[in-house]
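Okay, here we've got a single chain as structure tokens, the form predicted on its own, with questions on binding and movement later.
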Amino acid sequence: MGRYLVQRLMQLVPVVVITSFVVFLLLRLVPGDPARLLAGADATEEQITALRKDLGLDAPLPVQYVRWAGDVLTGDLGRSYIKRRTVTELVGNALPATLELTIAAMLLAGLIGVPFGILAGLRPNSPFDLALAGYSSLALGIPNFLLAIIFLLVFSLNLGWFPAGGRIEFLEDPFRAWKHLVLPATVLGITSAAVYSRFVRSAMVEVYSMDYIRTARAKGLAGRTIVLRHALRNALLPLVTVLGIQFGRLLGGTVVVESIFAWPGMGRLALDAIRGRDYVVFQAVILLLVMASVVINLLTDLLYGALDPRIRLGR
């Protein structure tokens, strides 16, 4: 286990370095000049040149990357060109909102997808199983932005059940905070619920064909005991990996949903940074999301190995 952990930690270094360099380079290839945007339409070329030098954008790209990477290694994520605030402060304000939305979507997806998958796995090819397959196909086929717009029009603008956007701190007003969270969390949770349900369904069908399930039936054990003690425990074990993957996907894939519902999270912060050519902010957001995804996958693998004694991660 220790050897495996060291190997995985060493793998983090090239992944983070390559990702940061690719993002750094691609941003510089996007048309637009942050110095020109900051200076305004009436600025002269001399003023723009001076501002570009002040921001460090006049140096060659390799020099800019080395400077930025060196600052990151010391814990300095830089300062926003547009908002004139430190990136650490901006990320500190946006990250809790994204985590709140991601966790709520994961919980909702688990409450819907896991029980439905278990029921469908116990009765394959039944009407319920076919209905679940239809739901999964529909949920996976509809883009999140389209589903978000539909929910916004129906449940907010027409019915008025939930607010159209924004976020309220739970400590400030729990009821209003919950109402603001429902729509974006549901939009994200519906897709993940479809993934969970199909995965659990397939795992239950496979487990129920195993010899130890037949042995449990031959012993005369009750159906509920077979499901809870024998089938369910082994069927849900691989779901740990899927949960880790989905958590990382949701954490970095909330850009469109956060924008539609005016949710002040990391996705919206990244989108605002792209619009304003705020290189420093976008680079920091992408770097943090990549690191979070890699760490989550690492923790998922370690947890899977701890739950299943048959796995020896060190080999």
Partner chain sequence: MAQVSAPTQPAGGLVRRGDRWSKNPYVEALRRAARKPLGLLSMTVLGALILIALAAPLIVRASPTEQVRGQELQSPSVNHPFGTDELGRDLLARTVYGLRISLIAGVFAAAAGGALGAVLGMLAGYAGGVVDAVIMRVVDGLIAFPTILFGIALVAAFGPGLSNIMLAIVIVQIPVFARIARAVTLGEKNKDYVTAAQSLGAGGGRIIFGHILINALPPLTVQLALTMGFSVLLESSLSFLGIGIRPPNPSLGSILDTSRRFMRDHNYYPLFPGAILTLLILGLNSLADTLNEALNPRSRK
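For clarity, every value in this text was computed on a predicted model and none was experimentally measured. Numbering follows the first chain given and starts at 1.
There is also a form predicted together with the partner chain; it is not shown, and the following applies to it.
- Using a 4.5 Å heavy atom cutoff, none of 115, 197 and 302 lies near the partner chain in the predicted bound form.
- For the options 111, 210, 153, 99, the one in contact with the partner chain in the predicted bound form, meaning a heavy atom within 4.5 Å, is 153.
- Among the residues 131, 146, 159, 103, the one placing a heavy atom within 4.5 Å of the partner chain in the predicted bound form is 146.
- Contact annotation: residue 26 falls within 4.5 Å of the partner chain in the predicted bound form, judged by heavy atom distances.
- At a distance threshold of 4.5 angstroms between non-hydrogen atoms, residue 282 is in contact with the partner chain in the predicted bound form.
- Contact annotation: residue 69 falls outside 4.5 Å of the partner chain in the predicted bound form, judged by heavy atom distances.
- Contact annotation for residue 52: none of its heavy atoms lies within 4.5 Å of the partner chain in the predicted bound form.
- For the partner-free chain shown, 137, 138, 140, 141, 142, 143, 145 of 110-145 come within 4.5 angstroms of the partner chain in the predicted bound form, judged by any non-hydrogen atom.
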